[in-house]
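Before any questions on binding or motion, here is one chain by itself as structure tokens, the form predicted on its own.
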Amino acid sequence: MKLAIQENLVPGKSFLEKVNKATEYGFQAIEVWGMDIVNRVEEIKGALSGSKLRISTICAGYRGSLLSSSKEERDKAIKDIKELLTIGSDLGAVGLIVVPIFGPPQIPDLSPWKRAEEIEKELLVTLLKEIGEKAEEVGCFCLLEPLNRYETHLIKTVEQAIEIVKRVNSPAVKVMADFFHMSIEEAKIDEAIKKGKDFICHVHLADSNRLLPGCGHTDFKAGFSALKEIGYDKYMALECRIPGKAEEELPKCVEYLKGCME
């Protein structure tokens, strides 16, 4: 298991400064935002040249929504996701994080024929098959992220994400597990992770209060033990708030996480 951090959490006016700081704090990779990344590729490559730090993943950054009621919005999302997967491959990222939908359904309920969620799942599987073909082609995973009940109505648990991924049946469509969302939706985080064997390809780290790990009541040791048990060897990226000065709190957090891995 390797530690990464989202770029917005690292101090620095330029991406190069952020890369240098992240390395200094003990991280092995950085997760970049997908928004406007097409105009930042050369800057990112330049900052990483000669550095041990890698790009772990791209976090979203696409327009539209895969499960919008508007075909135009769905088409925008598909187009952008395919472009971001290509950029991710070029940068050596594990994958692109994709959330199917935020908030309530946008597609109408057509009961008694089919409920909105049934339609959404069928549509999502169809679109992810298409996206999966592109992901396979370029060699960059599409990472389906479950969110908690306050942010989405659809994919909320690791098991629900796995259900979709199995139906898509693409080796390039996998699952991302987020400790914050799992702390709300899963009965036991370690058991959810064990169910995710062969499916989890990226992890987000935040404590139960969305602060740095160690600032809440999430049992990271149990979660990391489960990740070891399933043979997880990829990145775990911080996605959280920092209660204090980043230059002081981030190195301490790295040491805390390393202790939880032992």
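The first residue of the shown sequence is 1; numbering continues from there. Everything quoted here is computed from the prediction, not taken from an experiment.
This next part talks about the form predicted in complex with L-Erythrulose, which is not shown.
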Using 4.5 Å between non-hydrogen atoms, is I81 touching L-Erythrulose in the predicted complex?
-> no
Evaluate E239 for contact with L-Erythrulose in the predicted complex, applying a 4.5 angstroms cut-off between non-hydrogen atoms, and reply yes or no.
-> yes
Check whether K174 has any heavy atom within 4.5 Å of a heavy atom of L-Erythrulose in the predicted complex, and answer yes or no.
-> no
Although L-Erythrulose is absent from this view, report whether V99 comes within 4.5 Å of it in the predicted complex, heavy atoms only.
-> yes
If you check K45, K197, R210, K228 against L-Erythrulose in the predicted complex, which one has a heavy atom within 4.5 Å?
-> R210
So which of A192, L147, A77, V94 gets a non-hydrogen atom within 4.5 Å of L-Erythrulose in the predicted complex?
-> L147
Of these, 161-169, 127-135, 104-112, 177-185, which stretch puts a heavy atom within 4.5 angstroms of L-Erythrulose in the predicted complex?
-> 177-185
Within 4.5 Å of L-Erythrulose in the predicted complex, all of E7, R54 and V203 (non-hydrogen atom) = no
